[in-house]
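For reference, the chain that follows is the form predicted alone, supplied as structure tokens.
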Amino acid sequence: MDAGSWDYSLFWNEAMKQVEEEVSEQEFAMWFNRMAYSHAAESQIYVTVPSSFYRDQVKQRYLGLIEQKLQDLSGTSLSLEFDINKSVSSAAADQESPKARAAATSKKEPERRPKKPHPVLREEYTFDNFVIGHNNSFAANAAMAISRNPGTGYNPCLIYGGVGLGKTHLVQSIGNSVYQEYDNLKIVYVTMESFTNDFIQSIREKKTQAFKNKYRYADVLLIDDIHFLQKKPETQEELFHTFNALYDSNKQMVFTCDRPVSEIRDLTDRLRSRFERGLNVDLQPPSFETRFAILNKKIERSALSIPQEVIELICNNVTTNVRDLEAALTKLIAYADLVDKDITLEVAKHQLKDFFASPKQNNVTMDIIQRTVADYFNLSSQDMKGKKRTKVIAFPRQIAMYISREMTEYSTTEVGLEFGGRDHTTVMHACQRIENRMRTDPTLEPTIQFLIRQIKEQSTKS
């Protein structure tokens, strides 16, 4: 019997009904509505999921439960296989379960009068103002699920990604949503830098109890930019105890970071394990369609008429992040407002020519690469260019040469000149050494990818 003639869809549908009865509504909406039965073989059921990350989370959390249900229903051992299909993300998310639909129709929410804005959170950071695309749908749906039932499901939650991708918008949207929907919940939003300053001040002024009362008795604690914990052992110790106090009390915690927590240097193992204990979701640069939707939404709020061809021009030329995208649009809006002229394609090309000519995403220099790699390995930029060939210097230098070839248009001869006048064959040998080592050392590629992200960030700031 060929694979196409096996049909276990009835067993799958019944298994999903049973699982829905055993998990919370938000769990089912997050993890099961976005899986779809695809086909079957003799002893396998194939389902589609929207991403590798989603697949790994389902495997870790629910694989045993699902396969046991399938075995009980079919009387045979059926294993679950996953196919990655990004289009399933939005399509499956639109298919609410019967239980969820029934609950939605039977439940009539009493009308709530909106409260005054939260004293710390920015009023415009709401889910309504957050444009969802393939790059951020998982993180956005997780944030909305948390806001509906804080402290019960995805706790803690870590949202990570590069600059300008919407981390702060999402974390503050959680706070604003909880603030509007729940009475008498204490919501604390703070940056990691402010948390550190509060902690230092409490020690200096002998007000440590007031500090603990502020953070350890929060119902929802939102902390931005935890990568600033690096090289702050006492702050890490205090956050560790704060984390435990809130976690033991089932209080919601949401953190943001510019990288995966595994890449935060000088972080204690016990604090790292606590960040990794909950749900970790990432934000990627927006696709063209998402960039287009973001600009249209911003234009609607500005009540300004901008031709679609101008929006397309911006979306085609600015691909880094939402912040850069909005900066280009803001410049056009300011020009139209101050000069009192309509925005045309010609005007947009002229006003944004500098913006497009040297886009931030391409502003990678050899100096930034050398400094970033040197800092990571606790060396100096001069070591990158010097004559020393000790292993402690030669290996980082080879990595810097490899990254230079990956991220810039420089030839091997030009790269060699930037590294102390070395011959182009030295650069070729270095790149080959790194490529060979990546095949045998599983830790090297993540390290190089981390360095590339750091270099891109430094380039964006320069």
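As the structure is a prediction and not an experimental result, all values here were calculated from the model. Residue indices: 1-based, along the sequence shown.
The protein also exists as the form predicted in complex with adenosine-5'-diphosphate; that form is not presented, and the subsequent description refers to it.
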### Query
Of K385, R323, R216, K232, which residue is found within 4.5 angstroms of adenosine-5'-diphosphate in the model of the complex when only non-hydrogen atoms are counted?
R323
### Message
I need to confirm a contact call. Of S177, T196, T365, T168, which residue comes within 4.5 Å of adenosine-5'-diphosphate in the model of the complex, counting heavy atoms only?
### Response
T168
### Query
When adenosine-5'-diphosphate is placed as it is in the model of the complex, which of 200 to 208, 236 to 244, 308 to 316, 125 to 133 ends up with heavy atoms within 4.5 Å of it?
125 to 133
### Query
Heavy atom to heavy atom, is V163 within 4.5 Å of adenosine-5'-diphosphate in the model of the complex?
yes
### Message
in the model of the complex, is there a heavy atom of adenosine-5'-diphosphate that lies within 4.5 Å of any heavy atom of I294, even though the partner is absent here?
### Response
yes
### Task
Determine whether any heavy atom of K298 comes within 4.5 Å of a heavy atom of adenosine-5'-diphosphate in the model of the complex, and answer yes or no.
yes
